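One chain comes next, on its own, written as C-alpha cells: the form predicted alone.
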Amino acid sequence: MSLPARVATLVVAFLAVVAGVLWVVFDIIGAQPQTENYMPYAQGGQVNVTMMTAAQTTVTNKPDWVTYFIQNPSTKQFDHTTYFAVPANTTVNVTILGYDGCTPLRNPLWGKVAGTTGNVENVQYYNGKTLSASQALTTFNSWANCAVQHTFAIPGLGLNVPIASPTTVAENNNLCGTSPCVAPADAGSPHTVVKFSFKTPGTPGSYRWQCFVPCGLGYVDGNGGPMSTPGYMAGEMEVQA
C-alpha cells in the first residue's frame, strides 16, 4: 500500500474512532444538561428551588425513562435538567412534586431523612381530588408500605431525602402520563408534595446528587439507563460565591 493510501486509511480510522466517542458521549451518556441558575433569586440568606419527578420523559428521545425536572426560576416552566446553581452559605428551600409510583428501597438506610433542617421533611398527598395536610416525617418503611418513589441525595453533604409516593394501588395505576406533569389533565394526577431545607457550604464547589432507588427498568440491577445518565436520575448542584 502506498504512503498516501496508508495515511488516508489512518485518517479514516481516526475519524471513525472520534465518531464512536462522540456517539457514546451524546447518545448514550448525553450532553451536559442546562443549569438552572437560582443565584439572582436568593434573598435574606434563602433561596427556593422547585423540582418534579415523573414516570416518563416524553419530551426526549427516551420517553420511557423516569426522570427529574427542575423549574426555571425565570419562566416558571419545568425544564428537563438536573443541574442547578445556588449561592454558598444559603438555606435552600426545596419543593419536589412527586408524580411517580412507589418502589421498595434496596437499603432501609435510604428511608431515613438526613442532612435537612431538623432531619425532617414535610409531605402532602394529593389523591386526584384533595390535598392532605402536611406531615413532618423522618423515616419511611418502603417494604411495609407503598411509601417511596425516589430519593434526592447529596452524599458530599450527608443529605438524603426519600421522595414520598402516592400510597394506594389505584393512585399508582393512575399516574401522570406525559411530562413534565403540568397540563391540567396531568397536574391533577395523584402525586406528593415534598418540602425540606438544607444549608449550602460556605465555599464554592460542585456537588453531585442522585437517586438511590435503582429505577432503570430493563438494565442490570436497575442501575443503567436513567440511573447513570445526567439529566434523569442524577445531577449536579453548583454552589457559587
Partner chain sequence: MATEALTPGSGARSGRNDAAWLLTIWIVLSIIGCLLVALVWGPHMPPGRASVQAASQATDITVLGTIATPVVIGVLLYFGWALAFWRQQPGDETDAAPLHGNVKVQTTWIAGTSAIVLALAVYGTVELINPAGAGAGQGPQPVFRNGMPPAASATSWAPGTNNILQVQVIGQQWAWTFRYPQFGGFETTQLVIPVNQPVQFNVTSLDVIHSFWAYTLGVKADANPGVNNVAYTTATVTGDFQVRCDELCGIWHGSMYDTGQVMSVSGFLAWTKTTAATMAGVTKMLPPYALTYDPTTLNLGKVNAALGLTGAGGGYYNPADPEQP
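Positions refer to the first chain, counted from 1. Worth saying up front: this structure is predicted, and the values here are computed from it rather than measured.
Another form, the form predicted in complex with its partner chain, is not on view; read the next lines as being about it.
Undergrad: Within 4.5 Å of its partner chain in the model of the complex, do 107, 208 and 223 each have at least one heavy atom?
TA: Verified in the model of the complex; spot residues all in contact, yes.
Undergrad: Quick one: does residue 144 come within 4.5 Å of its partner chain in the model of the complex, counting heavy atoms only?
TA: Residue 144 belongs to the contact set for its partner chain.
Undergrad: Does its partner chain come within 4.5 Å of any heavy atom of residue 103 in the model of the complex?
TA: Result yes; residue 103 sits at the interface with its partner chain in the model of the complex.
Undergrad: Test of understanding: in the model of the complex, would residue 32 fall inside 4.5 Å of its partner chain by heavy atoms?
TA: No, no contact at 4.5 Å.
Undergrad: Examine residue 214 and determine whether its closest non-hydrogen atom to its partner chain in the model of the complex is within 4.5 angstroms.
TA: Answer yes; at least one heavy atom of residue 214 falls within 4.5 Å of its partner chain in the model of the complex.
Undergrad: Where does its partner chain sit in the model of the complex: which of 90-98, 122-130, 161-169, 69-77, heavy atoms within 4.5 Å?
TA: Residues of 161-169 come within 4.5 Å of the partner.
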